[in-house]
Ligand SMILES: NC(=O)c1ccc[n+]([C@@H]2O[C@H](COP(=O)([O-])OP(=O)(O)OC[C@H]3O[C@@H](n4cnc5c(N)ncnc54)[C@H](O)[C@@H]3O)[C@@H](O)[C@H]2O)c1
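As structure tokens, one chain now follows by itself in the form predicted on its own.
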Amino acid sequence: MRLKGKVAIITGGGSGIGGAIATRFAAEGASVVIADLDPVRSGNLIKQIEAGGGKATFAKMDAMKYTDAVAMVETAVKTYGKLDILVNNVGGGKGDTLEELDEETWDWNMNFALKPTFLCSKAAMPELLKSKGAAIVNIASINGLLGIGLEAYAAAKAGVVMLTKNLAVKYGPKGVRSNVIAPGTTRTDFWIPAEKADPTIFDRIATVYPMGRVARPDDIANAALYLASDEASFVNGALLPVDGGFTAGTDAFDRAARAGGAGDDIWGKETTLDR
């Protein structure tokens, strides 16, 4: 078991990406604290984890409140005696185009998609510094790496990336590694209203991903497991896109130029490009 004897907090751990991470960590031997606002969905997940032989408990937490972040850490220590891993998963976005984006929406994105990573990392750091082999895994987004819309959310997630790198530099020498995952589009409950309104939405979105599909929560959980484990003991300050190759580039230009034709119709079979 890759996390045997470890204690982990997963914020927003009651469902979606956070739920998949909590389940995977528990299966790998970690004692898990699910920090979430919803006790019902979290309780159902805890029952599933315990049914599989894992250990999990619930900490009710509003990730935008520092007092709740402190309480979640206290729950981990009181229940399991220590803290080794923090996964900052909470975050969401709304508001698009500068003309329509008001100050209130901008602040909401910063408070929900960036501030919780700061608050929870701050609350957890004193306990993480006591651990041997501590790790922070932050969940950002490809929106924080490329200009693909949702400006305020993108700025907040870019902030998560840079906060992670600074934590890595400052606390790596003290034994706390910090890394960040940038997921691509991931099929979670967040998308249920959109999919009900348009059942083909994932088929369309999948066409922009080189792998031809969107991510599953388990795809992100697998990456988080590696970064949290001792297998990544020399990985610190890393940005890991889990996006099916989206940030590697796109063949949109090639497809648009061909418009259904063959590549040879554009470049020729023996063309040497003069660059």
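Numbering starts at 1 and runs along the sequence shown. As the structure is a computational prediction, the values presented were derived from the model and not from experiment.
The same protein also exists as the form predicted together with the ligand; that form is not shown, yet it is the one meant from here on.
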> So which of 63, 56, 227, 221 reaches within 4.5 angstroms of the ligand in the predicted complex, heavy atom to heavy atom?
Replying inline: 63
> With the ligand left out of view, which of 92, 149, 175, 126 would have a heavy atom within 4.5 Å of it in the predicted complex?
Replying inline: 92
> Which one of these stretches, 245-253, 231-239, 36-44, 23-31, sits within 4.5 Å of the ligand in the predicted complex when only heavy atoms are counted?
Replying inline: 36-44
> Can we say 118, 159 and 164 each have a non-hydrogen atom within 4.5 Å of the ligand in the predicted complex?
Replying inline: no
>> in the predicted complex, does residue 131 come within 4.5 Å of the ligand, counting heavy atoms only?
In response: no
> Can residue 9 be called a contact residue for the ligand in the predicted complex at 4.5 Å between heavy atoms?
Replying inline: no
>> Since only the chain is shown here, I'm wondering whether residue 85 would be in contact with the ligand in the predicted complex (any heavy atom pair within 4.5 Å).
In response: no
> Taking heavy atoms only, is residue 186 within 4.5 angstroms of the ligand in the predicted complex?
Replying inline: yes
>> Could you pull out the residues of 110-140 that have any heavy atom within 4.5 Å of the ligand in the predicted complex?
In response: 112, 139, 140
